[in-house]
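Here's a solo chain for you in structure tokens, the form predicted on its own.
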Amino acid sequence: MTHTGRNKIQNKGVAITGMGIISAIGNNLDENRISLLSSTSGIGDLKHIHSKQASQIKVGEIDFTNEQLIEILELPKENNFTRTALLGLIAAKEAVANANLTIDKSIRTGFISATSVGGMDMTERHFKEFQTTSETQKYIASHHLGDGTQKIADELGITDFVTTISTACSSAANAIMLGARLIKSGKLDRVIVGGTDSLSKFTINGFKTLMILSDEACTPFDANRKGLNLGEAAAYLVLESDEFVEKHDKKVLARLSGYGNANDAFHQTASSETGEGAFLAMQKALEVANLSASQIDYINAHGTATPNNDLSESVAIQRIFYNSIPDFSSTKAFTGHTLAAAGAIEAVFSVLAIQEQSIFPNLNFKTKIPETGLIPTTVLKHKHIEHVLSNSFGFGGNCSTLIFSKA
């Protein structure tokens, strides 16, 4: 059963005390905020990767080259950081600074990072050289998903708990969920959670093969949507226990009040027509938050702009909210679909929506999907926001929902 409008006791949730982000619409938190408030998209032409597909796709690409990122981070020139790890370290460092953290051995601190690309941006570049060019072989060790996570944790000085989540496009949402559970269970006092993914030829070619890439700026929830734009990004949130927050008189940006994960077990890359996985994830998140559907003020939708996802998610939203659907939008027309990082990118955007008391627009929308008739919010809208529901759905039926609430 879905929730009705009956009164429920709100779950206080887990405190969010810091955030960091780098994406196609900004190199830090403030730049992302400004772009969202000014409806400035980061979708454009592919520049940093030489691909045969470049003229046929649009992407959300970060302007910095790897060399520039290395210089910003002041890393040794002989490092073997991949682009995924570099972007992740930029965002994680900002999150730590934003939360005014000092990594202290006496405070049980964890780091949970999500990725799907891992280090393949460098191994695919040098694959044909590994047997003949010894200086490129250092990137073999940084190929696997956990390498970037460990590098970031080492740079931050985190040793108590370090792990990597990879559940396709719900990865970062699941990283956030795991962090909250570790705090609620008393295992850790503080966890830095999120995800990072860079663009790569492998993902470009893979999604092109699936025939779900658009050659134009994507149009989420539009009847004439052609497909998604890939993006690269990284974002992290600092979660802290109430005891720690109260003891140190810390400022709370918002709270993670609910979360849910489900799988419709329907298809390797497609969602079911009834949106069963999405429906169950949203239903579970509402239950964890002790909220009714009527208390959600804004839905940050997964909204990939693919024919299958947007229809399936629309059906699931209707099943949860019936005829009282709150304002909703997909922010992927700003950043592109950032794969494993998407849940963290949109978690940051959800918290910004609460801070700014604003609904960020669903760019490029013109025509409603005839099967559902849902119309997203298409211009910046100021309104009272207490609770934001954020969806992240991945291949293999991995569906996750997070709920963020005003502190």
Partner chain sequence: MKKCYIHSAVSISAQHSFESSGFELHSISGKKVEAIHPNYKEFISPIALRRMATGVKMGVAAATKALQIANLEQPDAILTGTGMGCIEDTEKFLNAIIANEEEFLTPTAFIQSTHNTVGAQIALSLKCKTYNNTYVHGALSFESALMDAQLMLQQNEATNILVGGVDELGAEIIDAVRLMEDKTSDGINLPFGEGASFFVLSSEMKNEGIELIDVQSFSAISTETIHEKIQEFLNLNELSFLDIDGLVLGNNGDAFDTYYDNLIAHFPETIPNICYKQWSGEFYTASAFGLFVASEIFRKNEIPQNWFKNKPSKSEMKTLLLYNQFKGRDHSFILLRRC
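Since the structure is predicted, the reported quantities are computational estimates derived from the model, not experimental observations. Residue numbers count along the first chain shown, from 1.
Although it is not shown, the form predicted in complex with its partner chain is what the next lines describe.
**Q** Would you check, heavy atoms only and a 4.5 Å threshold, whether residue 287 touches its partner chain in the predicted bound form?
**A** Looking in the predicted bound form, residue contacts with its partner chain do not include residue 287, since no heavy atom lies within 4.5 Å.
**Q** Check residue 50 for me: does it contact its partner chain in the predicted bound form (non-hydrogen atoms, 4.5 angstroms)?
**A** Result yes; residue 50 sits at the interface with its partner chain in the predicted bound form.
**Q** In the predicted bound form, does residue 17 have a heavy atom within 4.5 Å of its partner chain?
**A** No, residue 17 sits far enough from its partner chain in the predicted bound form that none of its heavy atoms falls within 4.5 Å.
**Q** In the predicted bound form, is there a heavy atom of its partner chain that lies within 4.5 Å of any heavy atom of residue 209, even though the partner is absent here?
**A** Yes.
**Q** Among the candidate stretches 289-297, 237-245, 70-78, 133-141, which one is within 4.5 Å of its partner chain in the predicted bound form when only heavy atoms are counted?
**A** Selected stretch: 133-141.
**Q** Can you work out which of 214, 98, 283, 163 has a heavy atom no more than 4.5 Å from its partner chain in the predicted bound form?
**A** Of 214, 98, 283, 163, the residue with a heavy atom within 4.5 Å of its partner chain in the predicted bound form is 163.
**Q** Of the residues 252, 178, 325, 107, which one places a heavy atom within 4.5 Å of its partner chain in the predicted bound form?
**A** Of the candidates 252, 178, 325, 107, 178 is the one lying within 4.5 Å of its partner chain in the predicted bound form.
**Q** For the spot marked by 201, 276 and 395, is every residue within 4.5 Å of its partner chain in the predicted bound form through some heavy atom?
**A** Each of the three qualifies.
**Q** For a quick check, can you give me the residues of 250-287 that have a heavy atom within 4.5 Å of its partner chain in the predicted bound form?
**A** Read in sequence order, the residues that approach its partner chain (within 4.5 Å, in the predicted bound form) are 261, 262, 263, 264, 265, 266, 267, 268, 269, 276, 280.
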